[in-house]
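Take a look at this one chain, the form predicted on its own, written out in structure tokens.
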């Protein structure tokens, strides 16, 4: 996989929004995404993880060209999307699709399941032959676990898990190569989450899909993804393969997040020490100087207020943006137990 060029490459991507400071005027800049670089290889699943408000969803919109970047580049299959015409981007929609967080609000309540799934074909002028359309539709229904008898139903007649299956079928209707999944299981019950995650894994294998998986749940990410990018206040602070990140995090923020993930074994959970972060996430209107995590970091040094760290390679394929790496000798091993 490493010999192939990435299907998606993001370079120094930024998205800043103008915001009024007060009712009396004046403007401020919200730095939702502020210098993000990452790549996704063909057939690979990469997770973007972080707290609410860190810029994960905005990053997904930038990748899909639903938002225009303030600065930086997005390359899909080696092509710079910034230089594309609207028509070229429209054609590119067949290669990249999205699965939304809430299937109820993302599905038109007036449309039947059949209309929802086949609408992309109508928009892009595909599968006009009735026999071909019927064959493709039957395959999609079978792959996504949707009964043929449900084609005439509306979204409100389904449970949350069934609605998400319809959303997944709609995303796969155009046979994309990249799917951006924005918290696709966070609105579902735990038992249904497992079913949808297994479905996504099976579909990835069968259809050779690449996933950019946006989530805040590390247990979900570990089940589905090969690599993880941890995001904080508009920036990627750590990237690594799943096992390396879970077993030996190299950034204090990642360490704190992992300490909060519950472990089902009570004896193991009892030995773990929860790392409580002080304070709230700083405002993206005025991010801290130096390392953006330093106001909440228990290892903070004076240099952390000044140095804006670039990602440093801790080991092959494992990068962290921490000015005091390595910090391992300062932390308590009881804080992390293999999940």
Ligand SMILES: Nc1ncnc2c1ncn2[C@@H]1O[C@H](COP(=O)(O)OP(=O)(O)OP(=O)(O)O)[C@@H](O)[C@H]1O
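In this text, all values refer to a predicted model and were calculated from it rather than measured experimentally. Residue numbers count along the first chain shown, from 1.
Keep in mind the form predicted in complex with the named molecule is missing from the figure; the text below concerns it.
**Q** Within 4.5 angstroms, counting heavy atoms, which one of the listed stretches 292-300, 48-56, 272-280, 305-313 is next to the named molecule in the predicted complex?
**A** Selected range: 48-56.
**Q** Taking 30, 183 and 284 together, does each of them reach the named molecule in the predicted complex with some heavy atom inside 4.5 Å?
**A** Answer is yes for this spot.
**Q** Within 4.5 Å of the named molecule in the predicted complex, which residues of 159-177 have a heavy atom? Give them in sequence order, or say none.
**A** Result: empty, none.
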